[in-house]
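Just one chain follows, in the form predicted on its own, and it is written as structure tokens.
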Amino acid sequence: MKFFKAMTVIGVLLLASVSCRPVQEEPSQPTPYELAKPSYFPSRTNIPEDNPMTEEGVELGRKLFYDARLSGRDGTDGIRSCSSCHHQEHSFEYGSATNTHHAMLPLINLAWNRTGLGWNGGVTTLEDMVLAAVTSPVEINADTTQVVKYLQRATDYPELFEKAFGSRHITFVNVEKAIAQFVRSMVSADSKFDRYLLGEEDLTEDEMAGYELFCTEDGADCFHCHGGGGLALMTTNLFYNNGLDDEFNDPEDRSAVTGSHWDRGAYKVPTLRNIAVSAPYMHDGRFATLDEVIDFYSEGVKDSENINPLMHHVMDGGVQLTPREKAQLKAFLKTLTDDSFLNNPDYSRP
């Protein structure tokens, strides 16, 4: 009997011990991020299943985008971050003096790009773009192991990674994912032209004339390459030789990816959104102003066996616009400036 009484007492004590232990809370789930877009934007995005957008992931990516620790040094000695070359006031596109190519296209509306990134499309995903930029010797030029080391040492990052990805252990894969989420959140869709499409604002007579020139083959003939997404994206996200040159020596054009001779001198078509603030222009930044770009398409196009068939006016050297038509086309292009995007605090340095 004494044995059974003793066992009963031990059982009660064990139950009491178990019941007094603190309940282990399940880690909170990150909050899904709603990617806002107008109804006339394409429905399909490039958001991967293994990196869904969340509020916590986007905010972490924003912090990382501006953090010089991406250069593989601590916060005070770090010399370069994503924002070193991609400035918000220039639509996150700005030339880098250490790179043979102009900065890798505006970082806007890239959630709808499904054809590869960079001027030659050699980078497949936004996640891969982060890795390429951080490790490239002509961009951030950092060792990812060192990057992770300095992030792990920081007082705030382990908790931020835990909120976004469920672990305080930082990996560079999750660095890639967070910055990619932030870049996908960059939506430019509130220009004067957008408000015109929505019936909220009228274009001036010159802006409307420029729009008509933009959309006609016997005008400026821009829409074939810049009409992607029903003019929503202002790019097809495809690759064309647009007659900039008739000799091709760039080892990083589209042919570097495809291996095709016919892709010599071909580059991705950049969006025209915010084009008025994203100089210099073309893959190598050879044109400093919009006027120079318009002059090129008007009378500076060079013929070659590689030129894209969509360059319908190559035999005339270009579309041959009058001075008034050039001014009208420029007036329309300036309606694509989205001031709310360029000043949106959600995209600025935290």
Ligand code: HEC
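Note that residue numbering follows the sequence shown and begins at 1. Predicted model, so just to flag it, every value in this text is computed and none were measured.
Missing here is the form predicted together with the named molecule; even so, the following discussion is about that form.
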{"item": "4.5 angstroms heavy atom contact with the named molecule in the predicted bound form for residue 41", "value": "no"}
{"item": "The named molecule contact at residue 119 in the predicted bound form, heavy atom, 4.5 Å", "value": "yes"}
{"item": "Residue 188 within 4.5 Å of the named molecule in the predicted bound form, heavy atoms", "value": "no"}
{"item": "4.5 Å heavy atom contact, residue 46 and the named molecule in the predicted bound form", "value": "no"}
{"item": "Complete contact of 112, 232 and 314 with the named molecule in the predicted bound form (any heavy atom, 4.5 Å)", "value": "no"}
{"item": "Answer option from 242, 258, 171, 88, heavy atom within 4.5 Å of the named molecule in the predicted bound form", "value": "242"}
{"item": "Contact residue in the predicted bound form, chosen from 151, 269, 164, 142 - any heavy atom within 4.5 Å of the named molecule", "value": "269"}
{"item": "Proximity to the named molecule in the predicted bound form (heavy atom, within 4.5 Å), stretch among 156-164, 201-209, 79-87, 143-151", "value": "79-87"}
{"item": "Heavy atom contacts to the named molecule in the predicted bound form at 4.5 Å, residues of 266-305 in sequence order", "value": "267, 268, 269, 270, 272, 275, 280, 281, 282, 283, 290, 293, 297"}
